[in-house]
Each structure stands twice: as C-alpha cells, then as structure tokens.
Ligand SMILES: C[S@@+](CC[C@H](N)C(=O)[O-])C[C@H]1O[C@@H](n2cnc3c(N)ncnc32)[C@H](O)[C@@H]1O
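For reference, the chain that follows is the form predicted alone, supplied as structure tokens.
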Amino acid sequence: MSSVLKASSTTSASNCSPVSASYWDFGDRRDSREDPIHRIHSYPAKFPSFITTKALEHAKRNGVDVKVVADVFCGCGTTAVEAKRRGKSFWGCDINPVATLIAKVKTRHYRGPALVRYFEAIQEGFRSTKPSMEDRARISDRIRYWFEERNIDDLIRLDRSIRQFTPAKSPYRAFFLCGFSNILKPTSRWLTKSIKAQLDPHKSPRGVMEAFEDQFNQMQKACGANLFPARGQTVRIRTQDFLASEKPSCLVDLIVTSPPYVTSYNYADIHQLSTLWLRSATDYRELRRGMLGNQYGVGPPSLEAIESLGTTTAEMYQGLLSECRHKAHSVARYFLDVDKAVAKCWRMLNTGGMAVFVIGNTEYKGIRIDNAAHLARCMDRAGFCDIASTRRKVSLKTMTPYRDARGRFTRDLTAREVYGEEFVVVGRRS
C-alpha cells in the first residue's frame, strides 16, 4: 500500500491538486452559522454544509464537470440541499425513513400562504377532535414508556389532524409530519440532548401544541429563506439500503457522503420515537438489520472474509474478540459492508468522477478502530486513483466534543473528548 493510505495527514497520489491541511476545516464567514434549513429537525453527526461546497470547488479545480451529485448515506439531506442550491442534480438514499423524510422536506419549495392555510386547518382539527378508544388501543407499550398519557392523547389528535387536512403523499403532508417528528423528544421523557435512548424521570415534557406551533414557525421561516435555482436540476431521494443490489443506482460525477461510524451512533435507536409514531415500522429494531455493521440476527463473518480485508483489520478483529465477541463481529461486518459500499460508489461514478468521503475514527474499550485507513484501503482495492486523506477539525458541531460519565454532551474540558477530528478521503475514477 502506498503512503496515501495512512490517513494521518494530507497526502496525494498526484494528478489531483493538493489541498492545504486546513482546507476542509472551516467555510467562509457566511458559513460561520449553519443555515436555518439545516436546523429544522435534530439529527446527530451532521457534517457542515460547507463540506459539499468545498467538494464541488475541489472537483472543479481538478477538471471534474459536475452535473450530478450523489450521497449514498444521505442522512437528513445536507449534501442534497447544497448541491441543489448550486444548480446540480442530486441522487441520494438512506435506509432510515426519518432521515429521508427530513431530506425531502429540506429540498422542496413551499408556498407560504399554502403552509399557513394547512397549519390553521390542522390547529382547528386538533381543537375539535378527541382520541377514540381504538386510537388509544393502537398505542404500543414502547410509546407509553416514553410519553405521559396527556401528551399521548394530544399527539394522537395532532397526527390525525395532519393526515386529515393535508393531501396524501403531498410535500405539504411531508412538511407537517417532519415537524411532528421533531417535537417528539421535547414532548417525551427522553433525556434532553442524549444520543442514547435514556429516560429522564425528572423531565417536564413540553405541551404538544405549544411545541408544534414553535416548530411550524421555525420551519416556515427556514423554508421561506431557502432559495433554489428556478429550474434545471432534479432531486431524487430514496429510502433504501444502498447495498441491497450490486447494480449502480445511477451514474454521477461527484459523490459526497459520510458512512456511519462503527461503534458510534445507533440511528434506529435514536429515531425510534419518530419511527413508531410515523408508522415507518411496527418495531423500530427492524431498521437495525440493514444498517452497516448490523449485529442483530446475523452470524459471525467468516475468518476468510475478514482476512481478505488485510492484516491490520484481521489483527484489530482479534483484539476486539478478546473484549467482546458480538462487538468484534459487528465491527468486522461493518468493514466488509464499507468495502462493498466503496466498490459500488466506484461503479456509480462516470469516468473521471470524484468521491469525497467524510469519516472519523472510533474506539471500543481502548482498542482504536481506524475507519479512515480502512476506507482508503477499500478505495485502493475498488480501483480509485489519486487517493488523498486529510485530517479535519470537527467544526460547527451542534454539540460539544466532550461527554460526561453518563454519556451526555458537556462543555467540561476535563471530560472525555469524542469526535474532535475526522478525515476527508478523496479519490477519482480514472
């Protein structure tokens, strides 16, 4: 392997223009605060929007004529919004239906008067309806665990009103369901700002309609200020497992994406309230099965498959086995999945196209898991050329990079630091 695969600093294999060590760290002054459209729904581990802008600039500087951008782990649609703003067509997918709902809403144009009319109708419907015994009977034990009875009744009323007064499958229904989704944690007993499913027995949940009105006002302002070019680009966002097929979903010129970090966030657990209320699944744990590194209902990977990823990966796997077998199996499956995803990304690119991956390293019980170096090795195996890896300071985080003993984010500088840096790994299809 060449030194370009070490993922320790900025390196380049050479036909690409090199970037400075700080190129990916910060945007310009206009990016000092994230755009309101990217704050309409909470979402963990979003990368800042300027990453897409800089990726487009870097691609242009290296002779890539970008017409179509893709994000194969599109999350809540940061890349989609920024690509559309710059007149590029976009294709993206994510296995998480909550993520794709947010992404679709963020990339739509909404007429202000229509939003107000629908909102007023929803308010009136909320005031005039009451939950039936059948409505209450359909509420799962899991929802009852998180919500007080009063708020369960009010959420039933609000959900029914949204579905009654907005057209089925319309972008306006999606808009209000997105808003509904984002008030679920504040109106529940979920521990505020926790990235784990954790109950706060001392929390006083917000009132449902009060929270929804504030959410509507925020979303209305954000969408009103969200300006896109009048025409010329298409946006396609799919709820699907990127690895479900070998065939490329489309051909693109630039991929900007951030795979989930192994041993980090469990998106199925984090979004369980939305998954259950929006009826995306009868059991939120169903969504775990298709996620990278899934450890549920799957046997251990074969030793032959692990060894095919290289000596470094095999040694790390052996180290994890001594600490926790199921975690070791999960990490190994994650690495195998990343290998498949990178190969499929290569097949999606037009000749001369570029891929920009944002990824961070993690650890488990003191064992370092070098996701960035593994990703670079996968790119080399897949056929990427001009592979370069740059260390990036994590900036514009909605949460601080420190966690206390309970796992909550804190500003205490003596606490455990997490995710203070990540890597931007770039490659070309020759």
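From 1 onward, residues are counted along the sequence shown. Just so we're clear, the structure is a prediction, and the values are computed from it rather than from any experiment.
Keep in mind that the form predicted together with this ligand is not shown, yet the notes after this line are about it.
> Want to guess which of 114-122, 194-202, 71-79, 169-177 is within 4.5 Å of this ligand in the predicted bound form, heavy atoms only?
Stretch 71-79 is the one.
> Does any part of P260 reach within 4.5 Å of this ligand in the predicted bound form? Heavy atoms only, please.
Flag for P260 set to yes.
> Is I139 near this ligand? Define near as a heavy atom within 4.5 Å, in the predicted bound form.
Heavy-atom contact with this ligand at 4.5 Å: absent for I139.
> May I ask you to state whether F242 is within 4.5 Å of this ligand in the predicted bound form, using heavy atom distances?
F242: yes, in contact with this ligand in the predicted bound form.
> Does this ligand come within 4.5 Å of any heavy atom of K46 in the predicted bound form?
Looking in the predicted bound form, residue contacts with this ligand include K46, since a heavy atom lies within 4.5 Å.
> Answer with one of A305, L278, M291, L251: the residue that has a non-hydrogen atom within 4.5 Å of this ligand in the predicted bound form.
Flagged contact: M291.
> Give me the residue from I95, M348, I183, L320 that has a heavy atom within 4.5 Å of this ligand in the predicted bound form.
Checked against the cut-off, the match is I95.
> Is any part of 177-194 within 4.5 angstroms of this ligand in the predicted bound form by a non-hydrogen atom, and which residues would that be?
Result: empty, none.
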